[in-house]
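The data below hold one chain only, encoded as structure tokens and taken in the form predicted on its own.
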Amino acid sequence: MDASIIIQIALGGILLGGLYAMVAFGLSLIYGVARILNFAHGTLLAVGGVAASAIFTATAWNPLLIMALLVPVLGLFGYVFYDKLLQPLTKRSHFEYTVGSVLVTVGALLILSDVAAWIAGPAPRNIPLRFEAMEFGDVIVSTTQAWILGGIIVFTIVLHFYIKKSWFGRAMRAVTQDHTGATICGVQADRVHALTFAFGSGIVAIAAVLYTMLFPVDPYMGFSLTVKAFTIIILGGIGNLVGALIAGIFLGLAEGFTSFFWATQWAPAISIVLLLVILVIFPQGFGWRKSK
């Protein structure tokens, strides 16, 4: 087989995996801080992507401008969603909190999907951009793909250092490590939870615009994205952004080569297969997981 075909598939898989990792970033932070499995997280990308496509169709704005608009909108939604629907559950027992948060986020998944389909229609949508192609022998890479891949790498590095160095990042890590101790030291844990939800939702807005520039989105694709994000978190480690990027790329490559060598319809199932394998054989993740 021609090596250029393998390289072409690998590039597509790396790009797709990078986008998966961006979805996982926010979910990883939310679970690490608030200990909530947010099943509606992937649906935010789907809804955000549909909104981005609708805005682009109506205004022809630059995708960066659309991104700047959606980040605070989804961030505010995440803050209010936690503050009004999830935070009251913290007063219940641990079992009621866990089950209640699952029911609330699954309910939000269904409602958001149906509302988006009712407003914009269930058909797949994207942001159609004209791009130049760069040829490296028989390998073709669009300028859009190159910029998005570079942006994902830079964003991961910036986000990593922001969480390490900023006050908000230190507060998130303090609450993650010891909720009671952080509260004693003056950190408002409930507020950090809500802000983390907002922060993670804002990250999804960025991923939504980038994803819609390359792939079609529809209101009902969110749950599959959430499953992929869970797989990446388990593989890469909770709160480990670099590990999440590596795990996302691994998943993207697995899907790309599965589609090419086996069948396209089996590619979405590969995340479930990987999740089961990881849980059974590698319950502690792989080597880049952060030590406790």
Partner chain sequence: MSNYRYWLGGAFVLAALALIPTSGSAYTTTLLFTMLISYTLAQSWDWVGGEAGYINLAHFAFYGIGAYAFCLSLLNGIPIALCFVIAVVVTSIVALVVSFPLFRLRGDYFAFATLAILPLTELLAFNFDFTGGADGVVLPPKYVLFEAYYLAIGLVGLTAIATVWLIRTRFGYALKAIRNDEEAAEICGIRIFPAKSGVLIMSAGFASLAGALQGWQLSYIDPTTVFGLDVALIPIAMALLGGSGLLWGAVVGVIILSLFNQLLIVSLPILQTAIFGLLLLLIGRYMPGGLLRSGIIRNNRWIGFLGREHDRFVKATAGVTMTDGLPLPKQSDMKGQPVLECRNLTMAFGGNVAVDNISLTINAGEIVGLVGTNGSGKTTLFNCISKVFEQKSGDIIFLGQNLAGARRDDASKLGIGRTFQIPQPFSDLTVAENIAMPLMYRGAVSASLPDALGLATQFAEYVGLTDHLSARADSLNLQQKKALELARALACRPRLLLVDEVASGLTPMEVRNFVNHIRELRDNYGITIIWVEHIFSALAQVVDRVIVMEQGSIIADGPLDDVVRDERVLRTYLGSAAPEAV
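Numbering follows the first chain given and starts at 1. Computed from a predicted model, the values in this text were never measured in an experiment.
The same protein also has a form predicted together with the partner chain, omitted here; what follows describes it.
Considering the partner chain in the model of the complex, the lone stretch of 62-70, 48-56, 249-257, 221-229 in range is 221-229 [heavy atom distance within 4.5 Å]. Using a 4.5 angstroms limit between non-hydrogen atoms, Phe136 is distant from the partner chain in the model of the complex. By the criterion of a heavy atom within 4.5 Å, Ala194 is excluded from the residues contacting the partner chain in the model of the complex. Contact annotation for Leu29: none of its heavy atoms lies within 4.5 Å of the partner chain in the model of the complex. The partner chain is not shown here, but in the model of the complex it comes within 4.5 Å of a heavy atom of Leu37.
For the marked spot (Ile5, Trp147 and Ile157), a heavy atom within 4.5 Å of the partner chain in the model of the complex is absent from each of the three residues. In sequence order, Lys84, Leu85, Pro88, Leu89, Arg92, Phe95, Glu96, Thr98, Val99, Gly100 are the residues of 81-100 having a heavy atom within 4.5 Å of the partner chain in the model of the complex; the partner itself is omitted from this view.
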